[in-house]
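Before any questions on binding or motion, here is one chain by itself as C-alpha cells, the form predicted alone.
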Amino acid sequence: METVTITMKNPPQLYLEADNVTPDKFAGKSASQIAELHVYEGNTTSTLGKYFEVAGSAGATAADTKIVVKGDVSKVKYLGMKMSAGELVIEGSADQYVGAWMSGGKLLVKGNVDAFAATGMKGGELTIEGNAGNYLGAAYRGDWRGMSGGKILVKGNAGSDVGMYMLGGEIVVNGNIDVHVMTHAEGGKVIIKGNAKSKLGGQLVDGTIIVFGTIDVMMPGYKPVGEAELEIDGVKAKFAHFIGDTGERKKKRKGQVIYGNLYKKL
C-alpha cells in the first residue's frame, strides 16, 4: 500500500470543503497531480496544494492507497467523503461530514469530529478516538436514508440525533450520548457503553439500542418484556428488555409484528 501525506500549511480563513481527499480520488496520481485537485473555500474554487503540502504517491487503486492528514484540519469538511476502499488517517480533529456516504475502507480520526460524520454510510469502518458531534450515522437533511451498513466506533462521547433514519450497520459509543438516538430508524444497532439522556428510539420501526449506563428518561412508547442475557465484545451481561416504539407504525414478518428492541443493563 502506497502512502500520501498531506500537511496543512496555509489554514483557510473560511471553512474548506475537501471532498477530494479520499483514496478513490488520489488513486493513480502523483503528488503534483494530487495538489491540483480542487477544493472550495467559501464560494471560491482553489486547489488542494494551496492549503496542503503533498508528499508521496498514491497506489494504482483506492485499495492500494493510504492517506495521512496532518496539521489543523478543524475547519475542513468532507474528508473521506464517498471513499470506497483504502485507508484515511486524520491525525487531529476535523469538521463536518467526515466519511459521509463512505462505502468501504478504513477511516481513523485521532481527534474529534463535528456533525454529520458518516452521513448515509453504506460500508467500511470509521473509528473516532475523540468525541463525535450531532447526527452521527444519520440521514442527510431532508432525506430518509441514514446509515445502512458498516461500523462506527466512538471512543469518547457522541452528540444528539445519532443514527437518525438508520437502516443498518452498527454504531458503538464508549462514552455518553445525547438525546434522540435512532429516531425513525428501520434497522441497525447502536451500543452505548456510557449513559444516555432521553428520547431513545423515538418512532423506531426496527433496530436495536443497547445501553450499559443510565437512561435519564425512558420513552413512553416502550414496553418491558422481561430480561435477556447478551454478549457484547466477548462480555456477557443481563439486560432489561423493552420493545417499541409501540406508538409507531409496525411491519409484519410471517404474520408477526416486528418491534424495535431496547436493552438496559441491570
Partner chain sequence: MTKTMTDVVCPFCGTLCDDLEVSLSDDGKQILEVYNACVIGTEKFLHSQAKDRVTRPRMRQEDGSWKEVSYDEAVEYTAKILANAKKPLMYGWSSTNCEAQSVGHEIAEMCGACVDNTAAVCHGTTLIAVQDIGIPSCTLGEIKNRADRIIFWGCNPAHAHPRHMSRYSIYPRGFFTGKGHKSRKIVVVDPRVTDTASLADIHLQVEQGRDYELLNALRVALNNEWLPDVVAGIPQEKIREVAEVCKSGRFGIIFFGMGVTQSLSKNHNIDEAIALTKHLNEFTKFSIMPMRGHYNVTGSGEVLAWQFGFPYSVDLSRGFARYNPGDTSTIDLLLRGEVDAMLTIASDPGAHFPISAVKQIAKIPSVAIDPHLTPTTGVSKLHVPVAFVGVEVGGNAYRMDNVPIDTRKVVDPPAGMLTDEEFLTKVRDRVKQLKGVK
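Numbering follows the first chain given and starts at 1. For clarity, every value in this text was computed on a predicted model and none was experimentally measured.
This next part talks about the form predicted together with the partner chain, which is not shown.
The stretch in contact with the partner chain in the model of the complex, judged by heavy atoms within 4.5 Å, is 199-207, chosen from 226-234, 199-207, 65-73, 24-32. Heavy atoms of Thr44 reach within 4.5 Å of the partner chain in the model of the complex, making it an interface residue. In the model of the complex, no heavy atom of Gly49 sits within 4.5 Å of the partner chain. Although the partner is absent here, Asn112 lies well away from the partner chain in the model of the complex, with no heavy atom inside 4.5 Å. Interface membership of Ile90, defined by any non-hydrogen atom within 4.5 Å of the partner chain in the model of the complex, is ruled out. The candidate spot formed by Arg141, Asp161 and Pro220 lies fully in contact with the partner chain in the model of the complex, as each residue has a heavy atom within 4.5 Å of it. Along 244-258, these residues reach a heavy atom to within 4.5 Å of the partner chain in the model of the complex: Asp245, Thr246, Gly247, Glu248, Arg249.
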